[in-house]
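Okay, so here's just one chain, in structure tokens, the form predicted alone.
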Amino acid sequence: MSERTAILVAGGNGNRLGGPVPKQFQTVKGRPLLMWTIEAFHRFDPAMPLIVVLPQAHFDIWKALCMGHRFFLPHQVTAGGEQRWHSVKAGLGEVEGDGLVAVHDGVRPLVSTGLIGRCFEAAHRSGAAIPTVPVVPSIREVTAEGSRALDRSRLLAVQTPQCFHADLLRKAFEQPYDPAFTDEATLVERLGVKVELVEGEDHNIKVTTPLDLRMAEALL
């Protein structure tokens, strides 16, 4: 398989999680969430370059946390931007070569090596791949007339890592910034590229609320 790189986006301030500590630095089982995420990708491929995108203002905090926890797994830290789009683009600017690149939420610490591998394999095959899981709750769409039920059997929730050929993702990010941007796959699809869907994992949760934090701790 082509050379692989992972961009771990950890630019959030954790408003929904609450507390004075950004969510990527919240402690789970004695260590910050972000360390668990880095470890998951290192476990998959110890030689794979890992690019961690953080707000510039958090660099010193992260350095102190790594020293305090004696966390020395190799990774590169780069400064993110105002929105996720800017942060991913900054991380992409540090990717070398034209292999495969994964973009993953820094606060999804429970991603398995199997899922990482399946996403990379699918991207190698088709150029773009994302993990998805079925939508479990009943879903309603708000309309001008009120609301209407949606057929959840036709809906999927999107996870990360989202994996792409590096040159394809670079081309996608040449498009102008759009505030409606939600994920990298949407941007790639605007180039007319079909995104392959990979079976995700229920436990690959994104930690954004106190309940998520407790779930992650129990699962870890």
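Note that residue numbering begins at 1 and tracks the sequence as displayed. These numbers come from a predicted model, not from an experiment.
Although it is not shown, the form predicted in complex with a further copy of the same chain is what the next lines describe.
Practice item. Would you check, heavy atoms only and a 4.5 Å threshold, whether I130 touches a further copy of the same chain in the predicted complex? Key: Taking the distances in the predicted complex, the answer for I130 is yes, it comes within 4.5 Å of a further copy of the same chain.
Exercise for review: Answer for E82 alone: is it within 4.5 Å of a further copy of the same chain in the predicted complex, judged on heavy atom distances?
Suggested key: No, E82 sits far enough from a further copy of the same chain in the predicted complex that none of its heavy atoms falls within 4.5 Å.
Exercise for review: Determine whether any heavy atom of H124 comes within 4.5 Å of a heavy atom of a further copy of the same chain in the predicted complex, and answer yes or no.
Suggested key: No, H124 sits far enough from a further copy of the same chain in the predicted complex that none of its heavy atoms falls within 4.5 Å.
Check your understanding: Taking 4.5 angstroms as the cut-off for heavy atoms, does V21 touch a further copy of the same chain in the predicted complex?
Key -> Close contact is absent here: in the predicted complex, V21 is far from a further copy of the same chain, nothing within 4.5 Å, heavy atoms only.
Review point. Which of these stretches, 62 to 70, 37 to 45, 170 to 178, 154 to 162, has heavy atoms within 4.5 Å of a further copy of the same chain in the predicted complex?
Key: Only one stretch passes the 4.5 Å heavy-atom test: 154 to 162.
Exercise for review: May I ask whether E189, T208 and L211 all come within 4.5 angstroms of a further copy of the same chain in the predicted complex, judged by heavy atoms?
Suggested key: Looking in the predicted complex, the three residues E189, T208 and L211 all sit within 4.5 Å of a further copy of the same chain (heavy atoms).
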